[in-house]
Each structure stands twice: as C-alpha cells, then as structure tokens.
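Only one chain is included here, represented as structure tokens and corresponding to the form predicted on its own.
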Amino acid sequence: MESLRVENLTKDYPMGERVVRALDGVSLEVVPGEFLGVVGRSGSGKSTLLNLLAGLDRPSSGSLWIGDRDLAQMSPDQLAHHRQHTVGMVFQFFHLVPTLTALQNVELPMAFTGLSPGMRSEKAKSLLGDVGLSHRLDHIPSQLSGGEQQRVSIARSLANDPQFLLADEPTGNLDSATGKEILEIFKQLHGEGRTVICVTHEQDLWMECLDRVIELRDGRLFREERPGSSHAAGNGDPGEQ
C-alpha cells in the first residue's frame, strides 16, 4: 500500500475578473490504512481537496504524491488510470446512472479493464452482496431508497479494487438510522485495510471510526486532532476549536 502526500497545494478558480483561492498552501500526509476525516464549513475547501486527490481536477500549484507519482504532473491518460484503479469515489448524491440497474452501475467501472462480461457480472454481484443488496440487482436507482442507492455507489467505488476510498458527505443525504448503517460499511472496508478519506459535516457520527480529523478553514489547514486525544494541533485559538 502507498502513502499519500500533499505539499503546499493551492487551487484557484477564476470568477469573472477576480480569482477565488479554494485551497491555500495545504500540506499533509495520509499513511497507508488510515481513516482520515476532513471537516470544515461550506466553502472551506473540503470537496476541492477531495476532487484533487481523486484526479478530477488539477491543482494551481503544489504537489500531490501517491507513492512516487505526482498527480500534478500526470498526463490526462495517467490521470484517467489513477481514477480508474487507484481511487474509488462515493458521493453525497450517489451519481448513479438512472437508466442502469444496480448491477449495471457496479459493472460500469470495469468496462475498460479487460474483464469479460461474465466476470464483470460475477464481481458486481459479489460486491452488491457485500453491501446487502443481493436482492436488488435488477432495480434501477428510482426503485431504490437513498440508503440502497448509496450502497450501490459504495459497491461501484470498489469495482476495480482501489487503494484509496474517497467519500464526499456519504451520509449527508440520509436519515440518521440509514447514515449509521452506511458508517458500518465504511468501518468494515477500513478494517479490511483500505485507506479511507471522508469529507463530512457530521463529525459526531464519524468520530468513533476516524484515526485523525483535519479541519480546513478558508482553504487552509486550520487544525488536526486524533479522536480520544486531549491535544489538537493547529493555528486556531483554543476557544474556536
């Protein structure tokens, strides 16, 4: 397993005649097998950071290392390979293809891997079984509850055996009971050795399984802590934490 290292990462977005800095010199390291939570207010840069880690966007400056590979220097084909094989993404609003069944949605990331249709189908069935949806293989997203759609999304994220599982508010669109069920799935996946990075507003829900929490504020790394520790490192006033 590989580590992930971010060095002085900056991301700017042009907004008319001005430039908005979404990330401002963020540096951090994620060790293999870590469960990292990323918190902060809306607009703090959380989702921007996750999109850069996923290779969905490019930084304006800085480096983003997976092992000895810098995503900032990758070609489009190399980034596509990174998205296909190194990371799996889980989104708040699921992003399932509405006309495909649960089985077909999970098969989709495997379409260009060289696996035969039969092997893709068997693997997708196994992954859906792992998240408790063996009985919903042929249902399209509109026939599934929000929790079931998120389970399909998780299964799809695992289709190509990624090293890193990246989740952007994975329980943010679910009721509390369903959110806890999704949390249990992430705990199990982390227990199997995956490195998990989760952006969340629901820190209390996720705290029990996180190894470390970082807080972004105005695009900067403001604070980090390890649950259960009485010490938090950061730039803020203790009264603000």
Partner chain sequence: MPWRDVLQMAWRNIGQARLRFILTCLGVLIAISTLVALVSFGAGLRQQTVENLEVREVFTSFQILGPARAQSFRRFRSPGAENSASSARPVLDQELVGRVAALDGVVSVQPDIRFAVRLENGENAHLTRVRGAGPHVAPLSPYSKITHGRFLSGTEGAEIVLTGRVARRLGFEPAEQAVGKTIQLLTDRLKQDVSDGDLPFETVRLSYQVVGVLPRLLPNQTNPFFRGVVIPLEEARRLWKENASGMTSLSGLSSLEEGRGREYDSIDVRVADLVSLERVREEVRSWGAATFAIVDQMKRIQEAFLVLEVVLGVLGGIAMLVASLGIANVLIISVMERRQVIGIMKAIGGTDRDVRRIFLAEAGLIGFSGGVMGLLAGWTLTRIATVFIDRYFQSNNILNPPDLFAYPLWLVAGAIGFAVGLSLLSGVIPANRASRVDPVQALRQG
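Numbering follows the first chain given and starts at 1. Computed from a predicted model, the values in this text were never measured in an experiment.
FYI, the form predicted in complex with the partner chain isn't displayed, but the following is about it.
| task | With the partner chain left out here, work out from 143-151, 105-113, 129-137, 67-75 which stretch has heavy atoms within 4.5 Å of it in the model of the complex. | result | Stretch with heavy atoms near the partner: 105-113.
| query | Hey, in the model of the complex, does Asp57 get a heavy atom within 4.5 angstroms of the partner chain? | reply | Residue-level check for Asp57: yes, a contact with the partner chain.
| query | Can any non-hydrogen atom of Gln163 be found within 4.5 angstroms of the partner chain in the model of the complex? | reply | Gln163 lies outside the contact set for the partner chain.
| query | With the partner left out of view, is Gln84 within 4.5 angstroms of the partner chain in the model of the complex by any non-hydrogen atom? | reply | Contact check for Gln84: yes, within 4.5 Å of the partner chain in the model of the complex.
| query | Should Asn51 be classed as touching the partner chain in the model of the complex when contacts are defined as heavy atoms within 4.5 Å? | reply | Yes, Asn51 is a contact residue.
| task | Taking only heavy atoms into account, state which residues of 95-113 are within 4.5 Å of the partner chain in the model of the complex, ordered by sequence. | result | The stretch touches the partner through His95, Leu96, Val97, Pro98, Thr99, Leu100, Gln104, Leu108, Pro109, Ala111, Phe112.
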